[in-house]
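Shown next as structure tokens: one chain only, the form predicted alone.
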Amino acid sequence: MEALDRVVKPKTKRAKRFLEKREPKLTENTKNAILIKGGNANLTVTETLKDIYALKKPFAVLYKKKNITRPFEDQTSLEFFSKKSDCSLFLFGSHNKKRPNNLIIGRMFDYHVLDMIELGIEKFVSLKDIKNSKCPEGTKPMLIFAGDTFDLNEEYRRLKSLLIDFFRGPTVPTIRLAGLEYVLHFTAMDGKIYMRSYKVLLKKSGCKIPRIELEEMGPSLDLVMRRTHLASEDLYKLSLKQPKALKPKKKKNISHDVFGTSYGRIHMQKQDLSKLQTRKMKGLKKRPAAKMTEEDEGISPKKSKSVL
């Protein structure tokens, strides 16, 4: 049995807090990513990993030392690093004659590889090469996917899901306009994936809503898909399963229209309108004909007080 698979009992309060953070939760923490450099990574791959780490911080761990491993042949090393760093996402970079400038992006389920897609870098422009202002660390990006291939092809559909998982960042309850600072744009066209990063500039427009301009800030990547390792449909559905406590309870007698307006249905007993107390005024007094009908039915009207 490996050291990481043993049942560990904490001996100190600090160790207890550390283990509590890794326990399963109803609402999971923000997914972290490990960025690993292969045994023969060149300058292009190294700079790419550094730039993606700069976009992903603080929810990322960059391994600076080289690690000789081949994820498609042996996945034990990745699973070990994932469990050690408590990361469910990974990006592995390598370079060789057969597959130059190679990136492998993937994700884990229960510390085992779920999906893994190999991408080749054909063109790379780093953050340093584009002399523009950058976004602060930890900024949540807006993700845009262009191209029908992301919806028609199963491999590209999984790649889209994987990229959303990798770059989405923390879940926030509210959004403010000034916080929408940068955009990650992915385009699938002619068998290639183009990744571009833009900073959002809010300009004066003469009205309440500002004018939006996009300024490229890097990194810029032209990628091509190579090998894939996708999970089976059953395992993929199992990884998407949510606990019952998170599922919203269905409320009875409530409906919604196309505009999002809620309508409620209230059940009431049938009312006897003859006993309804109305305002006392001359116009609502009973006429003599109505009094006669009441006498015939055996209902005696109230006697009016006479003044002597």
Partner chain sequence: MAALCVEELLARAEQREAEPHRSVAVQKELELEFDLGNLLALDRNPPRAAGAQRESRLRSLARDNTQLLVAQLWGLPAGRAEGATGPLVAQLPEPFYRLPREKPLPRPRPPTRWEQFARLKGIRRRKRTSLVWDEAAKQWRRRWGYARAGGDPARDWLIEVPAGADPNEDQFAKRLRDKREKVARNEFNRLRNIARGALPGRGLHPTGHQSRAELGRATQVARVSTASLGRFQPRLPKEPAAPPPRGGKKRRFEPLLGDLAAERSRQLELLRGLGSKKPPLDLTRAVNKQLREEDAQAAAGKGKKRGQRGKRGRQRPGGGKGPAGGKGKKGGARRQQQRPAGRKRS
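Positions refer to the first chain, counted from 1. As the structure is a computational prediction, the values presented were derived from the model and not from experiment.
This protein has a second form, the form predicted in complex with the partner chain, left out of what is shown; the following refers to that one.
Engineer: Residue-level contact is defined here as any heavy atom of the residue lying within 4.5 Å of the partner chain in the predicted bound form; does Gly147 satisfy this criterion?
Structural biologist: Yes - in the predicted bound form, heavy atoms of Gly147 and the partner chain come within 4.5 Å of each other.
Engineer: Give a yes or no for Arg196: in the predicted bound form, does one of its heavy atoms lie within 4.5 Å of a heavy atom belonging to the partner chain?
Structural biologist: Heavy-atom contact with the partner chain at 4.5 Å: present for Arg196.
Engineer: In the predicted bound form, does Tyr236 have a heavy atom within 4.5 Å of the partner chain?
Structural biologist: Contact check for Tyr236: yes, within 4.5 Å of the partner chain in the predicted bound form.
Engineer: With the cut-off set at 4.5 Å between non-hydrogen atoms, does Arg107 touch the partner chain in the predicted bound form?
Structural biologist: Yes.
Engineer: Considering non-hydrogen atoms and a 4.5 Å limit, which listed residue (Leu127, Leu91, Leu119, Ala188) is close to the partner chain in the predicted bound form?
Structural biologist: By the 4.5 Å criterion, the partner-contacting residue is Ala188.
Engineer: Judged by heavy atoms and a 4.5 Å cut-off, are Asn29, His112 and Lys140 together in contact with the partner chain in the predicted bound form?
Structural biologist: Checked in the predicted bound form: all three residues contact the partner chain.
Engineer: In terms of non-hydrogen atoms within 4.5 angstroms, which of the given stretches 41 to 49, 59 to 67, 242 to 250, 263 to 271 touches the partner chain in the predicted bound form?
Structural biologist: One stretch meets the cut-off, namely 242 to 250.
Engineer: Heavy atom within 4.5 Å of the partner chain in the predicted bound form: which residues of 191 to 210 qualify?
Structural biologist: Tyr194, Arg196, Tyr198, Val200, Leu202, Lys203, Lys204, Ser205, Gly206, Cys207, Lys208, Ile209, Pro210, in sequence order.
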